[in-house]
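For reference, the chain that follows is the form predicted alone, supplied as structure tokens.
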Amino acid sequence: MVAVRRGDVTATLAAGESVLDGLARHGVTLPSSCRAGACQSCLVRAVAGTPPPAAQQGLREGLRRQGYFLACCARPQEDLELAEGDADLDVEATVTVLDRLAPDVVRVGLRPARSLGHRAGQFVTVTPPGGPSRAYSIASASDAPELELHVRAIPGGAVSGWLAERARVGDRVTLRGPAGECFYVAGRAEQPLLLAGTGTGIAPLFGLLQDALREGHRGRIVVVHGSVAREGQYLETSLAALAAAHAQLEVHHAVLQGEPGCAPGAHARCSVWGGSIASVVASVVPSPKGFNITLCGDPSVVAGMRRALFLAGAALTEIRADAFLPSAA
């Protein structure tokens, strides 16, 4: 049987058990959220033994070389010894902004104690004092001195509830990251972009969009934001202002409970559609071949759009996706 040691605790893993679950069974609780290898909250570092390659997929090369791996995905075949602390990954940040963008969406501004070197569209893991950890995407541009997060207040949510109801400006949290590949890549200024997201999935796309415009992207840019009801279109005014200032940008709002069809929005290149985001994407970009595509939001919707766009001609190598996985118990 495989043993994992962290500090004074040695956990003997059951067959098929992950490092995260095995340590928890022995009283060692690590930060975690999705438990699916996406949020990277549960990063730990092996100082002896070799982590399984599957537990290092998606990590930056520098982290892999240092022995970091994802505890939720790690089912090692040999004994491991873990570093007791990972303070080099954590950065303290001060809460600077707390306001409502929508009835259930809170804008959170954070000033890190040091630069994270983030790219707009990536995500960070937020840990309140004494609380669990959750991953949130970065909505601010890469050159912004502070991070902006759009947090959906989930009923009973341990972290979103704290941020929405109990946090105050001046409070401090711990950040880990950044991570994720959904950011603007300079050098292909003429390539058309498709940015489609549901709910707060528009947050990383809004940051990516700001980066693209700042970098002078000249190709067509199509933004599609999907929501259940019209009040979920919480960035409508901000997106309309950008569309008014940039001729290559068009914005479409997909409202699931809206009337079918298309209505003009706040600007000539803005429109409001009734129906699913997938149907609107298919209408405004019927031939996605050649597009660079980023999809964010609800996992099932993201998966469906990814498949539909591929079948319509988009190259899989040109589709990046950030599915907002719910936290696991």
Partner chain sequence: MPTLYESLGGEAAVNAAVDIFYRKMLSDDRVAGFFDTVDMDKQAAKQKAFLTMVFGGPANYSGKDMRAAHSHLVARGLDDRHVDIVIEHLGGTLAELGVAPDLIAQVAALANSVRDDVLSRAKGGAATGT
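Computed from a predicted structure; not experimentally measured. Residue numbers count along the first chain shown, from 1.
In what follows, reference is made to the form predicted together with the partner chain, a form of this protein that is not presented.
Using a 4.5 Å heavy atom cutoff, none of L59, R64 and Y68 lies near the partner chain in the predicted complex. Using a 4.5 angstroms threshold between heavy atoms, A24 stays clear of the partner chain in the predicted complex. The closest heavy atom approach of A315 to the partner chain in the predicted complex falls within 4.5 Å. Of the heavy atoms in A15, none are within 4.5 Å of the partner chain in the predicted complex.
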